[in-house]
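Take a look at this one chain, the form predicted on its own, written out in structure tokens.
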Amino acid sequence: MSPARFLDLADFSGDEVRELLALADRLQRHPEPQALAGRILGLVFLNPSLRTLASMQAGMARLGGTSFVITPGQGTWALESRLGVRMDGAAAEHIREGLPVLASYCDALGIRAFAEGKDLAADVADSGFRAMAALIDKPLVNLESAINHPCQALADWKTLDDERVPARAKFVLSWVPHPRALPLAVPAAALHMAALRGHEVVVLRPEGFALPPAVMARAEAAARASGGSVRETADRQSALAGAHVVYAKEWGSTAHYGDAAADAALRAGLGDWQVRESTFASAAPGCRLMHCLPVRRNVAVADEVLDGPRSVVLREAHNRLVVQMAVLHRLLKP
């Protein structure tokens, strides 16, 4: 991997990802509690977090380093990101000053900045995160941007390794209900990860929730390189038949992107897309259920599945810590 950035799993070949996962396994077996002694990680969270925040802090501590967390507008100045704007509103500081200053206080910086959910083309281009990344001259980690979540994707890959899911297995990324539209970052990252790993990948979603063409095209390119395949469908019966993994994930309507009322109207009749035990009736024996968390119980996934033997969501969440330690080690070890 690049010595300076961990922004996108697409920046790495399958072999490079496997090397990073081998480092994660080695650090699990042989901890290095002083590897990053004296190093400081800065974490900027423009959006809420549980696993990403806690696992990055814990990972840095387990490697002997320290970290600080900035949540703009909560104990610090609110940040403005738009260019050319007259700053006479709530935001007192611009990212063009704030982020370089924070980067100067640490050895690496992690930034979490969700999609605005208004302009699909801008969010797919990740223009907001790219503008912030251009201001940073230190090692940088993407903690979730508008269209990507590489730390989650890396943890998902390790989970599939842990569960001994073979490369040619059928991986179904299944849309599930949520009370509101959610970003495309995790589904886009999970899709690309599964394609890069060589799976037969099926994106299962209702009409109106098709993933953007650019997201599909990138996954298709990864699949061609790995010997896998990618397709998209609204046919639940064909998609789930023989599935080895069902990755449940919520996302907003791309047909009505930025239109909350139209999105809500479209999803109102889709409650039966919830993942229940019956969802796995035609799946392969031992089919696993994955979800990045947080998950709305009995909305997105039923209790009987989350609490049952096929769910690996807790292992998946724990692997966030494991793989992020490897990323930090690779970026920061002297």
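Throughout, we count residues from 1 along the sequence that is shown. Everything quoted here is computed from the prediction, not taken from an experiment.
Missing here is the form predicted in complex with a small molecule; even so, the following discussion is about that form.
Notebook entry, point to check: Counting only non-hydrogen atoms and a 4.5 angstroms cut-off, does R51 reach the small molecule in the predicted bound form?
Noted result: Because a heavy atom of R51 falls inside 4.5 Å of the small molecule in the predicted bound form, the answer is yes.
Check: Is there a heavy atom of D123 lying 4.5 Å or less from a heavy atom of the small molecule in the predicted bound form?
Finding: No, D123 sits far enough from the small molecule in the predicted bound form that none of its heavy atoms falls within 4.5 Å.
Notebook entry, point to check: Are any of the heavy atoms in P294 no more than 4.5 Å from a heavy atom of the small molecule in the predicted bound form?
Noted result: Residue-level check for P294: yes, a contact with the small molecule.
Notebook entry, point to check: Could you tell me if N142 has a non-hydrogen atom within 4.5 Å of the small molecule in the predicted bound form?
Noted result: Result no; N142 lies far from the small molecule in the predicted bound form.
Margin query: Please identify, from 296 to 304, 26 to 34, 41 to 49, 279 to 287, the stretch that has a heavy atom within 4.5 Å of the small molecule in the predicted bound form.
Written below: Of the options given, it is 41 to 49.
Check: Between the options K158, H149, R205, H192, which residue brings a heavy atom to within 4.5 Å of the small molecule in the predicted bound form?
Finding: Filtering the options by heavy-atom distance leaves H149.
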